[in-house]
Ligand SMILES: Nc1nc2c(ncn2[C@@H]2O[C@H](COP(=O)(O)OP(=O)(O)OP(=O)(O)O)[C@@H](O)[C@H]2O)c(=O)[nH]1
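Okay, here we've got a single chain as structure tokens, the form predicted on its own, with questions on binding and movement later.
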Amino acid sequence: MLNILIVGNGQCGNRILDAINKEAFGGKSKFAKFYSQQKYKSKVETIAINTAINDLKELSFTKAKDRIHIPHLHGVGANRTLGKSVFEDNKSHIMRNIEERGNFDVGFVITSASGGTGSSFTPPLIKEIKEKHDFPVYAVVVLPFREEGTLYLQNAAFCLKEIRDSGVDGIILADNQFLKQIGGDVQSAYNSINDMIARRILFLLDALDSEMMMVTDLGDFKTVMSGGAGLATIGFYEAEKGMNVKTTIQKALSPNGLLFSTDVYKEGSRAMVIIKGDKSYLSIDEISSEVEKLSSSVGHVFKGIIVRKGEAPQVLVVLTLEAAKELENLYSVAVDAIHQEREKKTRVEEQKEIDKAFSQIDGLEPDY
């Protein structure tokens, strides 16, 4: 049995964490009396951290004891400099809450790269955990819609760089811009994205603690995540009625299955493919042909198979990247955003000079 820590930082991280707990508790709300009936095989500790108390109050599936409010008005207003200062002031309180929960085999920290609390808290939090403990820590980072504005874009750029420099063992990317293909109204789209990420994380946790044919375990996951440029994404697909396992694997690796826009066969570095389903669906020839196709492009592919009686095929792929064209594009846009913000500051300074001009006649009256 694995001991797993999952931390959700900021509003986005909190909501994905809540979606994970929703799945783990079988959809029972905080008003039901089913908290002891978790679906986790592993021992999983979840913690939601936020400066905005209202965001914590909105969580429906995360226990009160697992919510840490860091008092600072109603958030840090997308200001990462302020957020870092608030983290430093409350670091001992946050770390004490983690350390009181025991020892862990692996940790995941979930955040948006673009906001305030999550974006600023996540890099120093990972650094603190890594300095005090020897278990691997992976960041699950959600990138912003590109139209969300200059502040969010520059936050995302600096946050990602700082996470890479924090000692993190790997970054799993999800991208709102890519995932907006889901469509629908804003609330439904965000909920769907949160659920997609949550389901993939839970499938991974379940698989790492399951008995498998062609075993894939935490050690293999560590090896996969250590490949490439320290970046990864996750693909997933559950077969529709009558769909064979070969097509299911292809769908998991397709744009509709991935959390981040990438050309799997050009940018991938290592992979882990976990296949679950009834043995009647699990054709070794179909599985081997798709895994061989992937390994011929990305190098090493770990393969795990979980036999579940009566279940249609489900496929999860963890893919590390040696290149990420979409991330390069985001940084180009972020650089433009940083310049825009600097130009605005310059204009504001010029406005102050105008104010000085007006102030020259303070206390005077016109003379006719």
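Fair warning: this is a prediction, and the values are worked out from it, not measured in the lab. Counting begins at 1, following the sequence as shown.
There is another form of this protein, the form predicted in complex with this ligand, and it is not shown here; the text below is about that form.
Stretch in contact in the predicted complex with this ligand, which is absent here, among 158 to 166, 106 to 114, 289 to 297, 133 to 141 (heavy atoms within 4.5 Å): Correct option: 106 to 114.
Partner-contacting position among 190, 281, 178, 203 - heavy atom within 4.5 Å of this ligand in the predicted complex: Of the candidates 190, 281, 178, 203, 190 is the one lying within 4.5 Å of this ligand in the predicted complex.
Position in contact with this ligand when the complex is considered in the predicted complex, options 218, 229, 95, 78, heavy atoms within 4.5 Å: Checked against the cut-off, the match is 78.
Complete contact of 15, 51 and 148 with this ligand in the predicted complex (any heavy atom, 4.5 Å): Per the other structure, all of 15, 51 and 148 touch this ligand.
4.5 Å heavy atom contact, residue 152 and this ligand in the predicted complex: Although this ligand is absent here, residue 152 would touch it in the predicted complex, with heavy atoms inside 4.5 Å.
Partner contact for residue 194 in the predicted complex: this ligand, 4.5 angstroms, heavy atom: Residue 194 belongs to the contact set for this ligand.
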